[in-house]
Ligand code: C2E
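A lone chain, given as structure tokens: the form predicted on its own.
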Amino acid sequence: MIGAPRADGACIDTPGPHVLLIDDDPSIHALVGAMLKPMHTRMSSATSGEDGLAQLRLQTPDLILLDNEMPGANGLEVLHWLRADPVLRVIPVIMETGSESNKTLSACFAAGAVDYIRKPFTAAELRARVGSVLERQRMLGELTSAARLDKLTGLANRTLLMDRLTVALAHARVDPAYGFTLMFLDFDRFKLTNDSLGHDVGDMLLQSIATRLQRNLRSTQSTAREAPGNTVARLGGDEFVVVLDDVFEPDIRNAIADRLLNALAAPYQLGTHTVQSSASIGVVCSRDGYETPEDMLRDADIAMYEAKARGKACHVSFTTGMRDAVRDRIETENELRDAIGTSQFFFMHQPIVSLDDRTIAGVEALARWQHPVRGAISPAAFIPIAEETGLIVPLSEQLLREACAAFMQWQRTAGVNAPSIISVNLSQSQFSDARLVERTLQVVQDAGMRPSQLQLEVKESQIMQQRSSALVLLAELRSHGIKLAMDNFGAGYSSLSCLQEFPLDVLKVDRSFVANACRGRDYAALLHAVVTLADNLGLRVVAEGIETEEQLVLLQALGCAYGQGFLLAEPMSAADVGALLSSHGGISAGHR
């Protein structure tokens, strides 16, 4: 290609392929230059093997024409030197030889030459061989790029990243002064963007993230495994990895992580959509004794999850204690799989009490895990694992079946004192279950209940994070008569507008509201406003976490109709609830 057109009609010279000729005959240099001129090559010349190697250390050509018969270092020796160098060995070499010996040609190919040409040669023959090798290199380069780069973002993919990490770790082992940092990045709201705005917008977000990472890190664009400089790679989905070359001091790597967090947190304009997406970053350093890329990625991934657990949008450096925590989590997950459906899981029931006459209006079913070796395991320890792994779906179905069975037993034994509803929590994962409504109605039918006797509790955060899908799901459940309660209201988004938007029957006020209400007039006024608003919207209000007489008196004064909490009744077995109902159907404050 001679040149590309400029705006004024002139041409901008575009450099052609660079050919280095190493030949001790000065006359051959001018001849080869003239022969290759129609191909618009850039020629460099060296008259000895030593001179050629010196030039190669300064610049890397696209092709080497190498004379086999030279004084000093001959062509075969130069070839051996080239193939021993990790950077130079990839340059294709065409051997020039005047020998007719097949043994000589075999030795050249064995040493790494890709082609040969016999002297004297014609211009057409030289151009054909040079053109063939350059085209082959171009095609190999395209195939290499396709195999080593992420198609969507153009960043290094997992293959190239692992190669770079292998080389960097080898460097660190032989050079005590060298070190590097690896950062594992995951984006906190990517799934929400993908699900709500579509995969096209999700792809645009990933491309924008890649651009910001490259701009802030000046990463290498080479696909060579030995390329110096920083590496930015995409592993898949919204997982990215950054390798900071020759960076190992904690202050420097922390400053870089802070800079990346700030750059990535700025809003993204994706077509007509504006998206905000923070990142969580796990950090490891090669100087912590790593031997393999897999170990570094594993620990950086662990640190990234720790960053998410600490509230997201932050960076955390790995410690061995995190690995122990992950090991415990995996052990808990495996044991959880085995426990679901067995008697290890049992269900406690906490009454929902009328604050007016202390009757039991409803009962909430709560899952408990009694491990045969570890004893009682807190719901705070196993529910998040069940949510993340999807095990919450079979666990929730087990809870629903047993809760409905207990409810019907109370109906048979307690008569008019029996509660009117059984309340069960709906998990985040169940929002994605296409058969949730069908499964729920089947359990209700199997138990012999009416749908209106079942109340499903959803957390405020679940509704607000999946607003559109939640609205459809809740409307369908309610159309069958199932009652719906918003749980933990006030603990998350505190969106009053959703009380009108969603088909709710009950508002459960978070325990933090109840606890704060006795600490000052403003808090009490806020709780009063919530109770009044809910009442005007036709919602029943249940105050959660009632633990003191002062809280109970205040709630009664504010007109709150129902409550739960240890002051009224702790969670108890189904048999204990039945006994309580059969005795008098209500409870006094302070019941245990």
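Please read all numbers here as calculations on a predicted model, not as lab measurements. All residue numbers refer to positions in the sequence shown, first residue = 1.
Below, we turn to the form predicted together with the named molecule, even though it does not appear here.
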{"query": "A365, L82, L484, L182 - the one with a heavy atom within 4.5 Å of the named molecule in the predicted complex", "finding": "A365"}
{"query": "Position in contact with the named molecule when the complex is considered in the predicted complex, options S317, Q453, Q350, S286, heavy atoms within 4.5 Å", "finding": "Q350"}
{"query": "Contact test in the predicted complex: F566 vs the named molecule, heavy atoms, 4.5 Å", "finding": "yes"}
{"query": "E402, heavy atom within 4.5 angstroms of the named molecule in the predicted complex", "finding": "no"}
{"query": "4.5 Å heavy atom contact, E457 to the named molecule in the predicted complex", "finding": "yes"}
{"query": "P379: touches the named molecule in the predicted complex, heavy atom cutoff 4.5 angstroms", "finding": "yes"}
{"query": "Proximity to the named molecule in the predicted complex (heavy atom, within 4.5 Å), stretch among 439-447, 89-97, 104-112, 366-374", "finding": "366-374"}
{"query": "Sequence-ordered residues of 529-566 touching the named molecule in the predicted complex, heavy atom within 4.5 Å", "finding": "E544, G545, I546, E547, G565, F566"}
